[in-house]
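Next comes just one chain, in structure tokens: the form predicted on its own.
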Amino acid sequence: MFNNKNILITGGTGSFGKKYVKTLLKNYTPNKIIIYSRDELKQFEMQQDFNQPCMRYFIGDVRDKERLTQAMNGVDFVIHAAALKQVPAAEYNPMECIKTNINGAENVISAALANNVSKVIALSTDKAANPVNLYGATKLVSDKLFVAANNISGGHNTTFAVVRYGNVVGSRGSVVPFFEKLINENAAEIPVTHNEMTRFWINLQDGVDFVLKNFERMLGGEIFVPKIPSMRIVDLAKAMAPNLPIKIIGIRPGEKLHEIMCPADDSYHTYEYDDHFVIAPSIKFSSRSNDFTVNLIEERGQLVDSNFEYNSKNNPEFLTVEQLLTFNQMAEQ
């Protein structure tokens, strides 16, 4: 699907972008892979690892629609990964978060339509489901923008979809590198916000593979949610630092005790497939049916029960302390 195609990744110097590029180069022969981001140092560092002839590095911000439109010239597929993601930072800098996560999403949509991009997938987060913090709220708005974009594409052939998943093992700013830093500094204890806190858990490669597969699956307008395990934060601390005591420090501003990926309020238009869920649009599309029981690769799903909710607390699959240790080690490979 990606052979001889041009692919642009916004925020491409992050953990996801690097793994995505590595996977594309390993399995396909793309014509161009364009990394679009605003940090010249991170781009320079990434070029040391990825300097193949197909690689392109564009300095630009998703807040800049003109530059984004220029960068998408001739592009076939877009992965929108750029975002301000730190929950406490968003609480203290709300307008900056809005400019990047909401206005930036609008600019990605406009640039894609202006260039007749074939398919766009935007990365979302479990924090966008029933949000209680500004980061989650901005990503919910972003999700809504990308879903509705399928209804405003007019004569363009561009389709848009969203991928929503949970915490990524080892990604920048996540809890695993934070715990590792404390362990390496010989900390006397491991701080945990709440002893009952749970999170969805996915490794980076699985996240990348899920996005790649959804380019084949997407009809346009879906929110794809993978079936992934949950874990307890205290179990993660025990797995990583079995000999250190745990100190409960309280929930941070804007933080949830448990995360949701498929809210109960969306159950009447949520479909369950073998390895994922699809939240279909709540709005009606003018150009086609809202039936998402069969995707483009002939996989079949069915509507979930009313009031079904997929959250990290009621998830049927939980990782034990031993499984977390193995899971994290495999994620580093």
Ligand SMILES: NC(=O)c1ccc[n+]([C@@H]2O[C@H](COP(=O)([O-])OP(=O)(O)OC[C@H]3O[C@@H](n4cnc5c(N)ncnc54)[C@H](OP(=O)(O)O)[C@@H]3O)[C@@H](O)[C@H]2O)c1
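Counting begins at 1, following the sequence as shown. Everything numeric in this text was worked out from a predicted model, so none of it was measured.
Just so it is clear, the following notes concern the form predicted in complex with the ligand, a form of the same protein that is not shown.
**OP:** Name the stretch: of 20-28, 306-314, 319-327, 5-13, exactly one has residues whose heavy atoms fall within 4.5 Å of the ligand in the model of the complex.
**Re:** Contact-bearing stretch, as computed: 5-13.
Original post:
With the partner absent here, would 42, 60 and 165 each sit within 4.5 Å of the ligand in the model of the complex, counting heavy atoms only?
Top reply: Yes, each of 42, 60 and 165 comes within 4.5 Å of the ligand in the model of the complex.
Subject >> the ligand: the contacting residue among 256, 119, 85, 199 in the model of the complex [heavy atom, 4.5 Å] >> reply: When the ligand is considered in the model of the complex, the option within 4.5 Å is 85.
Original post:
Though the ligand is not shown, can you say which of 81, 161, 75, 237 has a heavy atom within 4.5 Å of it in the model of the complex?
Top reply: So the residue touching the ligand in the model of the complex, by this definition, is 81.
**OP:** Check whether residue 146 has any heavy atom within 4.5 Å of a heavy atom of the ligand in the model of the complex, and answer yes or no.
**Re:** Residue 146 lies outside the contact set for the ligand.
Original post:
Counting only non-hydrogen atoms and a 4.5 angstroms cut-off, does residue 37 reach the ligand in the model of the complex?
Top reply: Flag for residue 37 set to yes.
Original post:
Going by a heavy atom distance of 4.5 Å, is residue 100 a contact of the ligand in the model of the complex?
Top reply: Residue 100: contacts the ligand in the model of the complex.
Subject >> residue 123: touches the ligand in the model of the complex, heavy atom cutoff 4.5 angstroms >> reply: Yes - in the model of the complex, heavy atoms of residue 123 and the ligand come within 4.5 Å of each other.
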